[in-house]
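Next up is one chain by itself, shown in structure tokens, the form predicted alone.
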């Protein structure tokens, strides 16, 4: 099946008519009709049947649909890749980071970098780790910052610093003496907690430890991000387990925090493509991120 037939097939599926498909592909309606006839002759079966003025896919076409849509998606990604490769020189610093790092760390590093290199143009994106890897491979971004070990063999992974999983609580939850000590995970048994439904390595590992507690923590509220958990804890809804950067959000003034007494490091990684060596601006940016992160994690 030729590529132009694949594009036409997808356009008709999308619009439901030859006229709509022709407009989408910027060709005439007679040209679209002729191409569809040629595609069906080549395949030996009809792709569409006309019902009340609309073209509906035949049974054979429905069997092809998933494969066709996958090819179209790959073509779109190829177009994005080639377009972004031509724009790389005009965007010396394109950074994507997870939401937890977008609160203060990355903006602070960009502000410092712009003082050193005033002419630097910067583009910032917030993405979860899986999407982040795709944006790097498609050349949409150049550096990713994440707290997850992505395990992608086709990306370089550079650890910048290590921190601890933190337990955060509403103000005045713990005494001054208690704040000086790590919290055993057993102390969370039966406690009111904000459940975090994050499908990542850190979230899954923490959930497995909490599942072993008896009685189980009470989790009437579940959220999708550590930032939402922080906001709810600050309003007195219970405790939460978060990364060390989220715990120190707003200077750590809105909540109390204690390290969790558990052998589990949270690592800040920089990820980037091995075929694109970092330039001086990008290297300086990562140096600033490392310095700021280490300084932030050293605060109580």
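Bear in mind the structure is a predicted one, so any value in this text is a computation, not a measurement. Residue numbers count along the first chain shown, from 1. Throughout, rigid core stands for the largest set of C-alpha atoms superposing within 1.5 Å between the two forms.
Another form exists, predicted together with the DNA; not displayed. Remarks below refer to it.
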message: Although the partner isn't part of this model, could you tell me whether residue 37 comes within 4.5 Å of the DNA in the predicted bound form, counting any heavy atom of the residue?
response: yes
query: Should residue 19 be classed as touching the DNA in the predicted bound form when contacts are defined as heavy atoms within 4.5 Å?
result: yes
query: Does any heavy atom of residue 263 come within 4.5 Å of a heavy atom of the DNA in the predicted bound form?
result: no
message: Taking any heavy atom pair closer than or equal to 4.5 Å as contact, tell me whether residue 236 reaches the DNA in the predicted bound form.
response: no
field: Proximity to the DNA in the predicted bound form (heavy atom, within 4.5 Å), stretch among 241-249, 62-70, 268-276, 22-30
entry: 22-30
- prompt: Here the chain is shown alone; which of 232, 257, 55, 47 has a heavy atom within 4.5 Å of the DNA in the predicted bound form?
  reply: 55
message: Aligned on the rigid core, do the two forms place the Cα of residue 36 2 Å or more apart, comparing between this form and the one not shown?
response: yes
Residue shift check between this form and the one not shown, rigid core fit, residue 272 Cα at least 2 Å: no
query: Superposing on the rigid core, do we see a C-alpha displacement of 2 Å or more at residue 293 between this form and the one not shown?
result: no
